[in-house]
Structure formats: structure tokens, C-alpha cells
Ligand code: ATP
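Below you'll find only one chain, the form predicted alone, shown as C-alpha cells.
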């Protein structure tokens, strides 16, 4: 069953979400107050509408309450982002994800009821920093303020060793939750599983422990 989404704000972040959701076969209404932005996505989104998202009447007229998920991707206008989120909560939208510009913005959004707050620029900065520090780190995903999940290409210090021989959990406090091996994924690898060349390890743990592992093993 297709889910129905609304994306408010069609800058680079919002626009990329629209494209990805459409590619995944979802129904998407794209909203922006600028007509040129709406025109750009008129042939991409299921519906593209010019509207002021801080106008409660305008949002209600679009039937926004009936959508499964609304993403507020408004750029630099923090006031508009906050007011839009308030309007959506008043209307009774089921799930609201909002892009935050800074930590203060995030705190306000959480207090007024946003279900999820994202920091795309900050999070991408962390990913890039980890990739720069270690060429073996493919991806870095923050799970909370203190925990993350990382994809790491096995290097010569790991290849040829079994999980139990590496003893990463005891030494670093992190866990190998899966191994990508070509087109296969080994979920919850066993203690006697041996790391091979080109294996990608999916590791989860506290940020401090992951950083310690990267510095001692992956560089």
C-alpha cells in the first residue's frame, strides 16, 4: 500500500526528498510559496502546489490532515518552520519530520511536538569527517546523541581473523551486527566467522568507542 507524503519547502533538501520518495513509488504533494520552485517539481511530484504553509486555512484546504507523513524542509526561515509545525500539530497531522537549522531550533521544534527533527547539514558533516579521517569508513549514521552505526571496509588488520579472535566487543565496546559480502549480507555473524578481503563490517556502538576503534585499527 502506497503511503502519502507532503514535503513543504522545495530547496535542495526538500527537493531531494521529493525525488527519492517518488522513485520509491510513494504519493507526494510538494508545497512551496514560490511558484518557480513548484513549477520545477510539477512533473515530478504527484501534486505540486503554491501555498503559504504558515496559513492554517491554506493547509486545511489541501486536506493535509489526511496524509501519512509531512516533512517540513523549509530552509533559512526558522520562524516559518516553527509556525508551520505548529499549524500541522493543530490540524492533527499523524507524523511530522522537520529540518532544523541549529540546536535551539531543534529544542523549539521538539517542544511544540515535532515527531522527528533532522540536521542534514550537521549529519552530512559528520559523515564526511569520518570518511576523511579513515578511508575505510563508507558511511556513518547517527542513531542518537551518543550512538551510531558505521559501515567499515575490512583492512589488513582485520582480514583473516575470526570475530572471536578480533574480540572487538571486549576491546572496544562495539558490536559487528552484520557483514556485507558481495551481494550477501551475514546478519548477526557467528564467533567463528572469518573476515575476508572486501568484506564490509556494519558496526554499532557508542561514538567514543567507535572513534577509538577507528583510530587504533582503521587508520
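Residue numbers count along the first chain shown, from 1. From a predicted model like this one, the values you see are computed outputs, not experimental measurements.
Another form, the form predicted in complex with this ligand, is not on view; read the next lines as being about it.
Candidate site formed by 162, 168 and 212: none of these residues places a non-hydrogen atom within 4.5 angstroms of this ligand in the predicted complex. Contact check for residue 8: a non-hydrogen atom falls within 4.5 Å of this ligand in the predicted complex.
Though the partner is left out of this view, residue 51 does reach within 4.5 Å of this ligand in the predicted complex, counting heavy atoms only. Of the heavy atoms in residue 98, none are within 4.5 Å of this ligand in the predicted complex. A residue is said to contact a partner when one of its heavy atoms sits within 4.5 Å of a partner heavy atom; residue 69 fails this definition for this ligand in the predicted complex, lying far away. Among 118, 149, 108, 80, the residue placing a heavy atom within 4.5 Å of this ligand in the predicted complex is 80. For this ligand in the predicted complex, the listed stretch (32 to 40, 182 to 190, 153 to 161, 60 to 68) containing residues with heavy atoms inside 4.5 Å is 32 to 40. Taking a 4.5 Å heavy atom cutoff to this ligand in the predicted complex, the contacting residues in 54 to 75 are 54, 73, 74, 75.
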